[in-house]
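A single chain, nothing else alongside it, follows as C-alpha cells in the form predicted on its own.
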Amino acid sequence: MADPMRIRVAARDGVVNVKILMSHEMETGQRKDGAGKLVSAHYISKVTATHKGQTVLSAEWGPAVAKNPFLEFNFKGGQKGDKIAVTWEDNKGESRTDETTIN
C-alpha cells in the first residue's frame, strides 16, 4: 500500500484551503528501464475530496502529472473541526484514502 498522503487544511474567513502531497511513482509508460524495455504506465487517474459527505473536488489525471504530485485547492463552507477525506485511484486499480480535520 502507498504511503499516507500529507494533508494540511486550514479555514480562514469562510474559505478552507487544502494542500495535499501524494506519494506515487506516476510512471507515464514512455520511460525505458536499464534493459531498454518500456516501464508500464502506473499513475493516479482520479482524485476526490469530500467534506461532510459532499464532493468538494473531483479531478481526472493522466500520465503527464509529476511523481509525488502536490495539489492545492479552496472551497467554502467548512468549519474548524470538520473532517476532510481525500481519495486517489490509479490506473491499476490501487487506491488510498486519508482523512484530516480542518484547523
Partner chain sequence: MKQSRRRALKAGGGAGVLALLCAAGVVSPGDVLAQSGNQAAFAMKTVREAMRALGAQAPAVSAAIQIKASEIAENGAVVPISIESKLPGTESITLLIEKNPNPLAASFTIPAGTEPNVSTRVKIGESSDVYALVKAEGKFYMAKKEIKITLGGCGG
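Numbering follows the first chain given and starts at 1. Everything quoted here is computed from the prediction, not taken from an experiment.
The form predicted together with the partner chain exists for this protein as well; it is not shown, and the discussion that follows is about that form.
Using a 4.5 angstroms threshold between heavy atoms, G53 stays clear of the partner chain in the model of the complex. Using a 4.5 angstroms limit between non-hydrogen atoms, V39 is distant from the partner chain in the model of the complex.
At a distance threshold of 4.5 angstroms between non-hydrogen atoms, T48 is out of contact with the partner chain in the model of the complex.
Proximity of V15 to the partner chain in the model of the complex falls within the 4.5 Å heavy atom cutoff. Residues R8, E94 and I102 are none of them found to lie within 4.5 Å of the partner chain in the model of the complex, as judged by heavy atom distances. Heavy atoms closer than or equal to 4.5 Å to the partner chain in the model of the complex belong, across 5-38, to the residues V15, L21, M26, T28, Q30, R31, K32, ordered by sequence position.
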